[in-house]
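The data below hold one chain only, encoded as C-alpha cells and taken in the form predicted alone.
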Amino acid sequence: MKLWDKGTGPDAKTDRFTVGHDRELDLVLAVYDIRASRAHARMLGEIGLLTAAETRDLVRELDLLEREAEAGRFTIEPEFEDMHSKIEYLLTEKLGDAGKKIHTARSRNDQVLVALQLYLKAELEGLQGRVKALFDLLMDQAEAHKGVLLPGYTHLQIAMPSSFGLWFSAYAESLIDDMYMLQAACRVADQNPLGSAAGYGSSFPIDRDFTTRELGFSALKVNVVAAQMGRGKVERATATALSAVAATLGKLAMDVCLYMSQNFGFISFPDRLTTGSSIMPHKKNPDIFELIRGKCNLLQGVPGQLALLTTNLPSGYHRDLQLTKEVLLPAVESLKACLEMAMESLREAQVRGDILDDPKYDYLFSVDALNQLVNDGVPFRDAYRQMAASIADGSYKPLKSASHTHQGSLGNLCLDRIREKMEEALRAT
C-alpha cells in the first residue's frame, strides 16, 4: 500500500531503491507518527471534519497501536511503503471510512516532519539526562581524587602539575557547553510543523494551535513553507549538538587510552572492562575507549554529511531529505551507546597515587620555582633565564611545596561552582 497510489506504480527495482531503509527506520519513528495521528484525529473532530463517534473510534485504535509500537510489536511488511501507509491501512481495516478520513488536511510530508521532530525532541531530552549523569560521575570522581597529582602536558611534553580532580572536573565542565548545544537543538525541534501539509497548507479550517497543545510542543512553526524548510535544518541542529558531546567524549577517551598505556600507567580498569591479545598474554587493551574515540570521531562528521546532503536544495520537499534519517537515527543510537559505556567504565576507574614520585616529572615544578623567584623580587624575564640556566647546568631543584590557590586551579577546584553552572543550565531549559 502506498499513500500516493493512483492505480499504477513503479516496478520492484524502483520500489526497492526509493523506499531504501525507510521501513526499518520507521519502526523507530512509528510511535511518534501514531501520537501525531491521534492529535490530528482529535483536531479533525474539534472542527467537525470527523463525527464524535469517528473521533472516538480512531483515538481508541491509535491508543492500541501506540501500545503495540511501544512494545516492539508494530511491523511494516514489504507491501507497505512506510509507517504512514501501514498505520492508515490498519485503521481502515478496523474502522472502514473513518480510517480513510485520517489523512484529511495533511500530507506525508508533515507527517514525517512531526514524527521526526517528536522523536528528536524526546531523544535530545534523553541525551541531556545522560550527559548530566556523566557530569555527576565525573564530578564525584574529581571530588574523590582531587588530591592525587597528575602530570599536565602541552605538545605531549611534560608541562605543569595537574591532578585527577582537575582532569575529571575539566571534562565535566566541558559537558556544560555541550548541554547548551543540546538545549539549542531541542528548541529548534520543539516547534509543531503539523498542518503544513505538503508545505503550502490546506483549504480545510484546521486548528494548528490545538495540535501544538495536544503534542506538547512549546511553539507552532507558523509559516507553512518555513515548516517544510525545517526538514534538514532540525537534523543539522541535532547533529551539531551530537558532535559537540562526541568531541568532549572522544577527547576524554583519547586521554584514557594514553593514561592506560604502560608508558604512562596513570589509570587502570578492572579486567572485565578491558580486552586481551590472541598471542600476548600480558595485554589489557582499552578497546572500550578506543571504540568510543572512533565512534565519536565519526559522529563529528555527521553535521558535514547532512550539510552535503541538504545544501542548495530549493524550498519545498525533495526526496533527498529521506536520506537524513539514515544518517541521523543511527548517530543518536551511537552516541547513547558511547555515553553508556563511558559511564560504565569511568565509574570503576582506578587512579595511581604516586605518579609524581618519579624524578622524570620534576620539571613539572619549574614554573612554580620560577614564580617563587618572582615572589622574592626577581623580575620575571630574569627569573625565567635564571631557571633555564639551572635546568641546563643540572642545578635545578623542584619546588614541590608550591600551592595553586586561584579559582579553578589545582588547589582550588571550585567544584561547587561548576555544579551550580550545570544546575543553571538545566534551569534554563
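Note that this is a predicted model, so its numbers are computed, not measured. For every residue, the number given is its place in the sequence shown, counted from 1.
In what follows, reference is made to the form predicted in complex with a small molecule, a form of this protein that is not presented.
Q: Can Gln322 be called a contact residue for the small molecule in the model of the complex at 4.5 Å between heavy atoms?
A: Taking the distances in the model of the complex, the answer for Gln322 is yes, it comes within 4.5 Å of the small molecule.
Q: Phe74 versus the small molecule, in the model of the complex: is there a non-hydrogen atom within 4.5 Å?
A: The answer is no: Phe74 has no heavy atom within 4.5 Å of the small molecule.
Q: Arg108 versus the small molecule, in the model of the complex: is there a non-hydrogen atom within 4.5 Å?
A: Arg108 belongs to the contact set for the small molecule.
Q: Could you tell me if Leu335 has a non-hydrogen atom within 4.5 Å of the small molecule in the model of the complex?
A: No, Leu335 sits far enough from the small molecule in the model of the complex that none of its heavy atoms falls within 4.5 Å.
Q: With the partner left out here, if you bring back the small molecule in the model of the complex, are Asp22, His84 and Arg231 all within 4.5 Å of it by some heavy atom?
A: Affirmative, all three are within 4.5 Å.
Q: Among the candidate stretches 173-181, 108-116, 201-209, 266-274, which one is within 4.5 Å of the small molecule in the model of the complex when only heavy atoms are counted?
A: Single hit among the candidates: 108-116.
Q: Could you spot which one of Phe80, Tyr317, Tyr259, Phe217 gets a heavy atom to within 4.5 Å of the small molecule in the model of the complex?
A: None of the others qualify; the residue that does is Tyr317.
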